[in-house]
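First comes one chain, alone, set out as structure tokens in the form predicted alone.
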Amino acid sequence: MLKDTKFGQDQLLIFDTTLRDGEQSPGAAMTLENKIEIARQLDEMGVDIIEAGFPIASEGDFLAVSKISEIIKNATVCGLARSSIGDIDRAGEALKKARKARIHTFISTSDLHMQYKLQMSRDQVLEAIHKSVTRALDYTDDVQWSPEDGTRTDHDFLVLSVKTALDAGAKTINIPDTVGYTAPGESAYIINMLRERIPEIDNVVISTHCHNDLGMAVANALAAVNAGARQVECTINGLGERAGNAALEEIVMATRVRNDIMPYKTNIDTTKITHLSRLVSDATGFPIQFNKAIVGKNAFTHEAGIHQDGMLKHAGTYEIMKPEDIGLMESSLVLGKHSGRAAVRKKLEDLGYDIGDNRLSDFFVKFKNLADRKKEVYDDDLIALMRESTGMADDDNLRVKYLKVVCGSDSPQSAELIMDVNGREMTAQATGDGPVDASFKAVTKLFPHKAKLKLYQVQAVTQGTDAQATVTVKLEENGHLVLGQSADTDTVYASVKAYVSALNNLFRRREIKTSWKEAP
């Protein structure tokens, strides 16, 4: 039988690292505005710890951790730091305005990492562990320590490393499966082994951090919890490096649906899961696979005749959870061109959007324009419209005023574009290999730039020939990625607006870098 932990046998802390480990996914860079909004939503959802970034990594990360520290009301805000003094001091500076601050410091402990990555001896690593934890305690009494590549670390040295961190004053010990190497039985064994060989570890919180390289991240995390871990590091949509991390929504719903065999409770308001999933997908430009557990488009869809028959008789025949439990509304067609503002506001609230009067007025105009063009307006249409409306149009340097394209089997295709460029109306014409290429070239004529197009993605958000298309454009400038999105029933027009949106975000990124350099 497992020993009880001091923290409590049934309470499970949710440590969200979407803004740190999630953003390390290639191409998943988020704007400062994205990060602040996601952090707000995570806080409202009930996440216990938000790892807001890696302050020493970049100017943007430092600023994000600083800004998030100022606005988070309930959760602990965490900053990541390597074992160097500079890293820890930078994290402490970024977190100084947080109501509750945590520094998460780490160093590799596997022989492979120590030899080839660190080029340090075991004694040097142990010394670095003690120094880093001690230094972090100068800024906060909430210090978390992790042995990077912990699941491939020699067990005797892992025990010695954890003891060193505990002796230095760490309050949370996180065991990361950095490269997704372990399996559920081994994951549980490691936690049990540490608890047996280090009795004092039960006086702190044991955490688990699992990657999904072999498709076992959630299973490994839950196995560690069953063995005594009481904190899970995870991300929205399983976002993360390589194959990603354990998915927050899967961890939370697994313990809720199967509480009979996993009797743990979290502070998560599960009705906010769907909205946050879409928010993170929008911010990163990473679409959610249709068959993704919990939040995928097909997760609550039934096509097979046998399944449909069972669902009509009793939903429990083929659904183990209710769609509304994760904030997914059952109805999809509720609004049309005769709908009023109150109905639109109520529907947006049902979908997880809190919208003020001024913003509602702007949104309502766009909604009416869409309703006039579409016979049926679905939830996903509204969500796509909200995605576009969350842009910062008042601050835009570039605005699309008019677009006309000529396309067909005869080439070349052409585009005529009128754009407002820094307050000046300008016109350009261009030809290209297709209407989108021609339109993008017209934009570049009016606003020359050196940004490279890294992603162009079109997704129909509803069915039918009048479906809205959500277009995502990702640009790269000097190693930095920016995202632009737009939705419209006209795919080419949506494409141009998404491209221009990304260019506007280049301006904002430059402004963020300037403001950081001027900060004291």
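In case it trips you up, residue 1 is the first one in the sequence shown, and so on. What you see is a predicted model, and the numbers here were worked out from it, not measured in a lab.
Here the subject shifts to the form predicted together with 3-methyl-2-oxobutanoic acid, a form of this protein not shown in this document.
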- Task: Pick the stretch from 441-449, 129-137, 144-152, 86-94 whose residues have a heavy atom within 4.5 Å of 3-methyl-2-oxobutanoic acid in the predicted complex.
- Result: 144-152
- Task: Tell me, out of 174, 110, 274, 235, which residue has a non-hydrogen atom within 4.5 angstroms of 3-methyl-2-oxobutanoic acid in the predicted complex.
- Result: 174
- With 3-methyl-2-oxobutanoic acid left out of view, choose which of 284, 182, 178, 207 has a non-hydrogen atom within 4.5 angstroms of it in the predicted complex. 178
- Classify residue 278 as contacting or not contacting 3-methyl-2-oxobutanoic acid in the predicted complex by the rule of any non-hydrogen atom within 4.5 angstroms, answering yes or no. no
- Consider residue 21 of the chain shown here, and say whether it contacts 3-methyl-2-oxobutanoic acid in the predicted complex, taking contact as heavy atoms within 4.5 Å. yes
- Message: Is residue 104 near 3-methyl-2-oxobutanoic acid? Define near as a heavy atom within 4.5 Å, in the predicted complex.
- Response: yes
- Message: At 4.5 Å between heavy atoms, is residue 211 in contact with 3-methyl-2-oxobutanoic acid in the predicted complex?
- Response: yes
- Along 71-93, which positions have a non-hydrogen atom within 4.5 Å of 3-methyl-2-oxobutanoic acid in the predicted complex? 80
